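In the block that follows, a single chain appears as structure tokens, in the form predicted alone.
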Amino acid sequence: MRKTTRKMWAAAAGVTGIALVATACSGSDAGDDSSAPSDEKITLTISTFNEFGYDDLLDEYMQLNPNITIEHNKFATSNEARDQFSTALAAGSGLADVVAVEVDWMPEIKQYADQFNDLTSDSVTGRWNDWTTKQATTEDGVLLAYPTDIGPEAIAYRADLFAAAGLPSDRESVKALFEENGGDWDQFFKVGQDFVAASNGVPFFDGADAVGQGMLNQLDAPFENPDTGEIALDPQVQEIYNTLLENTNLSSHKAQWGEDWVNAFQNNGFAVMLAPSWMLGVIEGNAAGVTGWDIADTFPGGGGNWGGSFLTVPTQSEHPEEAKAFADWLTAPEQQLKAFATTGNFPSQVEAQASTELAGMTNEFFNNAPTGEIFKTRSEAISVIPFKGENYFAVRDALSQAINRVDVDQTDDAATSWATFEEAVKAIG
């Protein structure tokens, strides 16, 4: 699940980096505990962020394992979770027994692999798409985390606002509209310009940076050379930046996850969002009581994957075997299907992805859209998994700030903000 809220990883890494190096050399011995899960009465803690759809599953696990009490710490955003994660990892204490992390953190987590238990086991061999497993595996074959979900992207839209603007509104017609003229990003922005011209002041999308995330997800190596790891911006990054800021008249000028963005769901703040599957639960939660949301089975330029999350078992855990078994259970196909039904987190588990149960799932809030079928199709359209090295998060955060200075804060022009971004990138690399 990407809940990639772009906040200050660079700062957090800068503050905690030295301490992390120190603790990486003197990690806890807890991971050496090879004892099997027992019937001892214990408490396991798990930390997540945003919405993983785990509330009912945690109750179910405790019913299945009456000797285990689960305590759930759910952070409101991934930023908050990441800040606590960085601080506790550096301190050597304070992490939950099972910690949810998102994919953009993985390159840096691999630097501190000895702070996490190896989760390799026969029960999880072949469980996930190879590319998700690779994201969580070190070069010497240590599996640091269990993938919880992936983020195939579709377009979520307000059918009522489309109809009011004189545009097609049923999901098949909207799909056809976005796929005119080759269905690329130019067509996406054209639809936006047509919408805004007739919408009586309603913006088209929530924010330029959010749209930029979908565009960046289609680049093989946006920020770094995969062979060397050195920062090397793909020239298309600046093209994306320019395109976004030439179309800010389509934006509601909201930064994702901010208070204004959350409130905008309740007041017709915008008509369209790029929607990785995990975003469905976010939209439904923020737009409670609002009718008209639907999902179109299409995405500009083909397919894309936004995010994905994982469960780790830090060596700080006092119950690593029980925590590993718990994380294993949460990421089994049956549980991933239940999470999808609850919040839209699309299974990373290949057996779950192929199931007829998934294919038949619908979502009442999104006009009974066949979300299982739609996101299965969208997952099959994913053709690029961008390279993300150690500098990815910091460079992406700097780019996000550059876009938001123009689109959200409106304190800078596009050219000046790009120059500031380039200076920030030089400082990182």
Partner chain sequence: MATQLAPTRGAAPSRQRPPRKIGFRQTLGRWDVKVSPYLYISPFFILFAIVGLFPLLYTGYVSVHEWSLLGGKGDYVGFENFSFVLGQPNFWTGLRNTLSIFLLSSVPQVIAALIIAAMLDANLRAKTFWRMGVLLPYVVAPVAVALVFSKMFADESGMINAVLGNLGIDPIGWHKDVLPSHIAIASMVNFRWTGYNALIFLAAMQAIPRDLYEAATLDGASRVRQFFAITIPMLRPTMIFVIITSTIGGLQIYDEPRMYDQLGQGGNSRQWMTITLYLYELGWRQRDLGRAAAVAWLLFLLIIIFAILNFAITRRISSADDMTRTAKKARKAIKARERSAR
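Given the structure is predicted, the values throughout are model-derived calculations rather than measurements. Numbering follows the first chain given and starts at 1.
One more form of this protein, predicted in complex with the partner chain, exists but is not displayed; see below.
With the partner omitted here, the residue from 229, 258, 94, 183 that has a non-hydrogen atom within 4.5 angstroms of the partner chain in the model of the complex is 258. Taking a 4.5 Å heavy atom cutoff to the partner chain in the model of the complex, the contact residue among 218, 79, 335, 298 is 79. In summary, the region of this chain contacting the partner chain in the model of the complex, judged by heavy atoms within 4.5 Å and restricted to 364 to 372, 40 to 48, 395 to 403, 378 to 386, corresponds to 395 to 403. Not one of 179, 310 and 330 places a heavy atom within 4.5 Å of the partner chain in the model of the complex. Contact annotation for residue 99: none of its heavy atoms lies within 4.5 Å of the partner chain in the model of the complex. The closest heavy atom approach of residue 83 to the partner chain in the model of the complex falls within 4.5 Å.
None of the heavy atoms of residue 136 is located within 4.5 Å of the partner chain in the model of the complex. Proximity of residue 87 to the partner chain in the model of the complex: non-hydrogen atoms within 4.5 Å are present. Residues of 376 to 390 that come within 4.5 Å of the partner chain in the model of the complex, judged by any heavy atom, do not exist; none qualify. A change of 3 Å or more separates the two forms for residue 228 and residue 90: their C-alpha atoms lie closer together in the model of the complex.
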